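Next up is one chain by itself, shown in structure tokens, the form predicted on its own.
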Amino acid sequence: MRERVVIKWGGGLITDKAALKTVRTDVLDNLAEQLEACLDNEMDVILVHGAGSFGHLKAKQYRLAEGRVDAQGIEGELTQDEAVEEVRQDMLDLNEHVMKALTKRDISAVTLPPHQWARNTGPNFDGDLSLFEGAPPGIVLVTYGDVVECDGDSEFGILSGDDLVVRLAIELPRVKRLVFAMGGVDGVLAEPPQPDKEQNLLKTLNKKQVFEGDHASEIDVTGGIGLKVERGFRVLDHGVQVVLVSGETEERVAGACLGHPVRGTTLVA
């Protein structure tokens, strides 16, 4: 029976978060090559990617994570409804870059945009995850953080990729591991990274340990490293291995997916 891995490519890894709609093509190409290694080793892949500079900047400006708010509290030329449509299109544009990187490696992949199949936000969002079960072996199913419709007065909100991976890792059959591929760090650090200072990497992390995460709250509309760790422990509680690694180092993501010992952070009970 083929095993399955859920991989999250962070938005800050595949884009330059400080520059609007800027893709790190070299990183994408390397990640696609590592994903191919998983397929070559008879492992099926569910891929979730973040938004980075294709989603967070505009979503932050128009307060999309808060749902419907008073227009007087927003500085910008667009209405919130226009911003919702633009962010959705921006995410489709980013996903196209992801799919092109996979196509270069002759990887067969299908994208399932969340605004077409999911509703509400957080790990208890509503959506038909059976869509991800029926793919033939070797076909990569891809999804991403997106703006989705919500019940009640909020009307819409941000469904984070970190919430998507929780449900996919827990509810789909045969999932062996969840791997977070991140930019700028080797895993979870005891304190935020500083220039010219060696990273204090936590090679293992349990729920009682304390760490100080680096969260770009002026840009990010989700929860940064703290959300990844919290969601990761939910997945670990269901018997799925969880590893956080750098996505900027050759072979490290593939190694983590295949269960090899790599530099990074492994969540432990």
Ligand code: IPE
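The first residue of the sequence shown is number 1, and the count goes up from there. All values reported here derive from a predicted model rather than from experimental measurement.
The following text describes the form predicted in complex with the named molecule, which does not appear among the structures shown.
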| item | value |
| --- | --- |
| Selected contact from Ile158, Val142, Ala83, Val188, since only one has a non-hydrogen atom within 4.5 angstroms of the named molecule in the predicted bound form | Ile158 |
| Contact of Met91 with the named molecule in the predicted bound form (heavy atom, 4.5 Å) | yes |
| Any non-hydrogen atom of Arg231 within 4.5 angstroms of the named molecule in the predicted bound form | no |
| Contact label in the predicted bound form: Ala51 to the named molecule, heavy atom within 4.5 Å | yes |
| Interface membership of Leu168, the named molecule in the predicted bound form, 4.5 Å heavy atom rule | no |
| Options 43 to 51, 235 to 243, 29 to 37, 203 to 211; stretch whose heavy atom lies within 4.5 Å of the named molecule in the predicted bound form | 43 to 51 |
